[in-house]
Structure formats: structure tokens, C-alpha cells
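Take a look at this single chain in C-alpha cells; it is the form predicted alone.
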Amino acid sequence: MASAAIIETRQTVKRFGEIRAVDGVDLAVEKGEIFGLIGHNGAGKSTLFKMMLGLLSPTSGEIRIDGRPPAGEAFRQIRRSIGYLPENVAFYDHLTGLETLRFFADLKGADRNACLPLLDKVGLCHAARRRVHGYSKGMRQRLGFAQAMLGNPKILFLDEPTTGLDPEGIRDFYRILDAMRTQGTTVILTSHILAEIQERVDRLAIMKMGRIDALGTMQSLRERADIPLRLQIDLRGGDADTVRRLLRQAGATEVNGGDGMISARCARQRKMEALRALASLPAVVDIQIREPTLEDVFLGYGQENAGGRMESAEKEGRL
């Protein structure tokens, strides 16, 4: 595997009996990326994470983390430079937040003196000496994030990292991630809150049934999915009929509305044609263009693949 990627998988498979939880995944994550991994429940994301961490062994294929397979004595040292926040964090309730973090620092061989500054970083300094059983869900999540950052990791694996966080906590979380990326940390995260990550990841992969269905930047996935744009045209006065006519001539669909505001869906490749036609009308005071969201893209790929499987089944005579 000659590659500059810090995380790399090649034809990685994980079977549990007859179930292929991960089914031939090829993936490369570069140093300093914030990489998103999304998919339905059961798509194989957590299983892939656990193989990368060395918690599960692949049935076949290859995985390399910072140039080494995640197994054996040689991986022990690399593991000290990896941080992991699981989807469901669990702590000893009778320990304080500071005692908890010092416990994990000892396990990881990290500096105990970094524990209090880390708690301050995630907004838990005020609760450092409070027992964890009194922590809210969001506070536990912040403590888990602090645990993952012990030892200044080169790689962070974060599984649903903002569960239970309020908007301020989510903002602080991504602010910290951006600072860590600037220092060269690689982050790979999963989330079901697609609107939250779509503008915060450098690239992302969509997993379905153990496979990578799509991979790229947010914009490249939008373009590949070829989902129509949403246009909203604000009008002053008349000319609504003219606007609707010009939109339809440009191939727009779902043209709705009247005096004051008109909305439509427009193919990406005909966007400029529609804008040029509308820009010459004095009644048009504003045009808003809404790009497909990550949720639109995710659902679009799902429908496309479902259609392809249906067509294949019909050809094979199974339907």
C-alpha cells in the first residue's frame, strides 16, 4: 500500500457468520482531514471504526493506520497517538470528572497534568471535582471528548460525537476540531445529524449495506447526484406570468407561486440560462439559490441505488 494516506483500507471485509457487515471497502483519509462517514443504522460504520482501531480483525482485505496494520506489538505505540470517542460513552459514576480523566491518562500513558486544562477546554472545569453520576448527557459527552484528546492524538475517531450537546456545545466542539486540524490532527467522524456536518467536513463517504456508495467533497457529491437546485424569486409588482414562462422555458419544474414570490426546481446545468433570463426583468428584486443539502444528497443516492437494484432484479427475473 504505497500511499500518503494516514488511514487506508483496501478491499476490507468483515463477516459475522453469513452477514457481511463491511463488504470490500476501499478508503483513504489524508493527514489533517476532517472526514465524515455517514449511513443508515447497520450500514457498517461502527464496525469499520472498530477494525481501524484494532478492536476487531478484518475477515479479509487490508487496513493501515499511520503506515501499520492495526494489530500486534508494533501497533501499540501508534495506538497511543489515537483518540476514540464511542457512540455510547460509559464512565465510573463514583469518580469525579478529573479522576476519570486521570484514570484514562494513566491507561494511555498521557501526562496527568494535561487533564485539568482539557476539562477547561471542553467547558467542564467548573465540574472537575463533581462525581460523574451527577453529570448530564451533554456533560458526559464533553468528558468523553476530553478523554479522546488525551495525549495530543494524531488521529481522532469520533462516533456520533455531538450526541446530547446543546448548540453552544456543538459550536465549541467544532471550533476545537478546527484548531486540532490546523495542528495536523486527522479526524474521522460519523453523525446522523447531516445538516450539522455538511459544511464542516473536508470530504465524506456514504456507506450502505457495508459498502462505500459515494465518496468526495460535499460539492462533488452534489454534482454527481445531479439533484435540481431550488430557486426562489422575489418580485415587486407584476410580471409573475412572465417569470413562470421563462422558468419553464429554461426547463424548470415545480414552478409555484404568484405575485410577490415564485419558487421552482432547476437542473444545475441550466441554472445560468434561468438566471440570465430572469435578471433582465425589472420586477425581479432577488433570486435565492438553494443547493441540495447533505440530507438531499444522501437520500438521492439511496433512491438511485434502490432503483438500480430493482432494475437488476427485474432483468434477472427475481421480481
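Residue positions are given as counts along the sequence shown, with the first one as 1. The model shown is predicted, which means the values in this text are computed figures rather than measured ones.
The same protein also has a form predicted in complex with a small molecule, omitted here; what follows describes it.
> What is the one choice in 46, 293, 59, 263 with a heavy atom within 4.5 Å of the small molecule in the model of the complex?
Result of the distance check: 46.
> Quick check on this chain: which one of 160, 223, 213, 99 has a heavy atom within 4.5 Å of the small molecule in the model of the complex?
Comparing distances to the small molecule in the model of the complex, the residue within 4.5 Å is 160.
> Using a 4.5 Å heavy atom cut-off, state whether residue 297 contacts the small molecule in the model of the complex.
It does not: once the small molecule is placed as it appears in the model of the complex, residue 297 has no heavy atom within 4.5 Å of it.
> Can any non-hydrogen atom of residue 54 be found within 4.5 angstroms of the small molecule in the model of the complex?
Answer no; every heavy atom of residue 54 is more than 4.5 Å from the small molecule in the model of the complex.
> Is there a heavy atom of residue 257 no more than 4.5 Å from a heavy atom of the small molecule in the model of the complex?
Close contact is absent here: in the model of the complex, residue 257 is far from the small molecule, nothing within 4.5 Å, heavy atoms only.
> Should residue 40 be counted as a contact of the small molecule in the model of the complex, where contact means heavy atoms within 4.5 Å?
Residue 40: contacts the small molecule in the model of the complex.
> The small molecule isn't shown here, but in the model of the complex, which of 285-293, 28-36, 269-277, 46-54 has heavy atoms within 4.5 Å of it?
Result for this chain: 46-54.
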